[in-house]
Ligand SMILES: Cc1cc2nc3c(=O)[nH]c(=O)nc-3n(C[C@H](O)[C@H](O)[C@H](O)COP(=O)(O)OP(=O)(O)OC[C@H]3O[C@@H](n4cnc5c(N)ncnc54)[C@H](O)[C@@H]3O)c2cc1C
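Here we start with a single chain on its own, the form predicted on its own, put down as structure tokens.
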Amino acid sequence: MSEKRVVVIGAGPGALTASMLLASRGLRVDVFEAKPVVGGRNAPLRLGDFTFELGPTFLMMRFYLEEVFGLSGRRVEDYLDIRSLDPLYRLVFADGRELRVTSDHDAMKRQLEALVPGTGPAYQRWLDYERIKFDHVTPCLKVPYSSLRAFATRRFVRALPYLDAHKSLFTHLGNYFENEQLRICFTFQAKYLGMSPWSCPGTFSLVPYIEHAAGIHHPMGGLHRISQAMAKVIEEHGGRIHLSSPVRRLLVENGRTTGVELEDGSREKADAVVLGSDFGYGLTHLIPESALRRWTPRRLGRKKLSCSTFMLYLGLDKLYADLPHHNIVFAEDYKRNVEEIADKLVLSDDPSFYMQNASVTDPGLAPPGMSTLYVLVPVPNNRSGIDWDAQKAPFTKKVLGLLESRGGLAGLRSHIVESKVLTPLDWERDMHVYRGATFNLAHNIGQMLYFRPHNRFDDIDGLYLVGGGTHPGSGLPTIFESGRISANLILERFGMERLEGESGAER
């Protein structure tokens, strides 16, 4: 084992990815996690005999997960039983019409034709273009952007005509679909980034394409099993995970980190530190302000943040077997709803919402004959000033009513046996999410690639970032990639050979 030691703050998916890769190369890796369980926002939430995801519920780009396990000398199939979902999800429009989206492209064309005649060929044109775009753009997500020179690489120049960053996602889809409902079908995914389709860069049309081309998956037992599997691999390679061990602060001397101080006052020395906490929280609570130059709390306060989420976790004494695993119900005035979340920062009277009915796929999440229901409502982040102590009860009542009237869950309230609510205030106060912005910094042009906090943190030598607040951004696949990029940068720091691929170099 190498004498070089890496200390990792937090056990979220990005931190675990980096730890798994570094431990597999023989480095001494110690992970310090404040909670009694690994996963961060990818941890399980248990209510009685019911098991929920705390955060992410979609697994896309399964191949990224397979790659990082492979680079660690492991096969993901030996740790996880991953199932493909079909339909991918059910969409419910304001007029009551539904679309059950599938990765069977012929079946998808038939559904689109039934919804809006003549749109099948447009769907095929979209798939054909996005396939080329995917091949050109995704390599750009596998490298750090530590300097502006990254924009002068052949890789980036080849991708430039396909970035579509000069127009919004909604406008980009207008190249294929005139019908507004159809555009919404291929742009609502901007919510994964905490943004509006009318302001989210067209670059992110890759997200719906990946859904349609590569599918959506579910690890049996829940997505949190991914974090548990990564933790097991870390320990198999000699790494150590310290639960219920919160970090008080980063130790910095002469512009370089020397390790961390834990809440109990003990100090852990390190040759490099990986910051796996929420970026905004880490910047404002864990890093001494005197050590910051570019990324000061004041600068952070000027940055655009993603939206937040209002969460309901419901254990039910029945199973709604006719509803698929994933369901999205659009507001009657979807554009107004999005503007209220992202721009006006007010609570919508007419919200959109997402439901995960995971027990239809994974019955082990609940007792026999029962089920889990996970509900996510996009809402403004805490810059809104919304008084969630006052709004929690009436908004819960509103959402439950909508689940019954528009979600297809007739009689829902009479079947609830366990429940928990998380508001944006809870995300900030209890889960240490800066301003409750659950998707981190927004993904507008000025906060992407080089303009996002760098994986090798500029202000402090020896500090590396992972997670949704750094490059490439939010979402499990890109968070895994952030862990790989930072792991390669650390290996380069120690004069060790990079892992396969180009994630540790700008070429």
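Counting begins at 1, following the sequence as shown. What you see is a predicted model, and the numbers here were worked out from it, not measured in a lab.
Below, we refer to the form predicted together with the named molecule, which is not included among the displayed structures.
Within this chain, F58 lines the site of the named molecule in the predicted complex, having a heavy atom no more than 4.5 Å away.
Although the partner is absent here, T309 sits close enough that one of its heavy atoms falls within 4.5 Å of the named molecule in the predicted complex. Residue contact with the named molecule in the predicted complex: P477 places a heavy atom within 4.5 Å of it. Taking non-hydrogen atoms only, R46 never approaches the named molecule to within 4.5 angstroms in the predicted complex. Stretch-level contact analysis of 64-72, 22-30, 469-477, 446-454 against the named molecule in the predicted complex, using heavy atoms and a 4.5 Å limit, identifies 469-477. Listed residues Y162, Y374, F156, Y89 were compared with the named molecule in the predicted complex; Y374 is the one with a heavy atom within 4.5 Å. Proximity of S277, L286 and H432 to the named molecule in the predicted complex is complete: all three residues have a non-hydrogen atom within 4.5 angstroms. Contacts with the named molecule in the predicted complex, taken as any heavy atom within 4.5 Å, map within 31-62 to F32, E33, A34, K35, G39, G40, R41, N42, L54, G55, P56, T57, F58.
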